[in-house]
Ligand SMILES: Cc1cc2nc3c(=O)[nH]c(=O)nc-3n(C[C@H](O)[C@H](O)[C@H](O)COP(=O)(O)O)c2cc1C
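Just one chain is shown here, as structure tokens, and it is the form predicted alone.
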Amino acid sequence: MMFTTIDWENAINIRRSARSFEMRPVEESKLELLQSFADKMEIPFDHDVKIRMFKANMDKKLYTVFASPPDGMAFLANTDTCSVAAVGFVGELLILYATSLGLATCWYGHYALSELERIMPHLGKYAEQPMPKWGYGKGETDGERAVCITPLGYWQKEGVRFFDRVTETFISYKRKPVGALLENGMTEESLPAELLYAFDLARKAPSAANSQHWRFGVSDDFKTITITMPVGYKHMKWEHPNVDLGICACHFWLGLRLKGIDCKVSLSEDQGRAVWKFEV
């Protein structure tokens, strides 16, 4: 997947959720690169995630708090726990690649479903059923759905709302230290340098309202690492904390790859939460 030609660490460090865009289309050459990357990605586990590009109308409400630029990307999958978590992993690779191309993005689950169906028909027989207003609905739903979408475009600083500027400055950039996320008495000082590097990238993953709800488990021999969240965790607004877990797992996997560490990646469900396991 052109792994060595992309500065993944820089993409992780500079990528931010954009909520104000220039109303100009992305160059066709960049869209072709994105599609090619999506087609050739090597994902280290089985999944059912599909990627679709779409063209939006800035005069129609697709996102709740900003006008849509002309281009966007949707991440479709089944809606069980593991499939939703896989959306985060697969989608984040695409979003980081888009960042490396100079494009702005924003993970978005509360999109206007009827508008997305109008510009990107995807519901099939489910289009005949009553549609939720925002997103595909809560909990597990029959069939394949657009779990999240993202705009693709160019950030427009002048249009950023005061609330978003404050949020970005005082909330979104803040990240907990690795030590605060480790479980079972493990400390940063005890970790091998390569694992600490990968965890540092993992902790920089975006999450709804910057909740950072992931927790890192490390075996005593440092050969098995898990990324999950506390049992029963619920976000006050965001239906998909397991998407955030997938994003975090993606960052961790990239960190291992950047250090030349091969690993087996598996994804399972435990008490309603996704559990990512890395065996190095």
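What you see is a predicted model, and the numbers here were worked out from it, not measured in a lab. Note that residue numbering begins at 1 and tracks the sequence as displayed.
There is another form of this protein, the form predicted in complex with the ligand, and it is not shown here; the text below is about that form.
Judged against the ligand in the predicted complex with a 4.5 angstroms heavy atom cut-off, the residues F21, R24 and T150 are out of contact without exception.
Among residues of the shown chain, A209 is one whose heavy atoms approach the ligand to within 4.5 Å in the predicted complex. Shown alone here, Y108 lies within 4.5 Å of the ligand in the predicted complex, counting heavy atoms only. Contact check for R175: a heavy atom falls within 4.5 Å of the ligand in the predicted complex.
Residue contact with the ligand in the predicted complex: I247 places a heavy atom within 4.5 Å of it.
Of the stretches 193 to 201, 109 to 117, 179 to 187, 123 to 131, only 109 to 117 has residues with a heavy atom within 4.5 Å of the ligand in the predicted complex. For the options F45, F222, W238, Y233, the one in contact with the ligand in the predicted complex, meaning a heavy atom within 4.5 Å, is W238. Contacts between stretch 119 to 138 and the ligand, counted in the predicted complex as any heavy atom lying within 4.5 Å, involve no residue at all.
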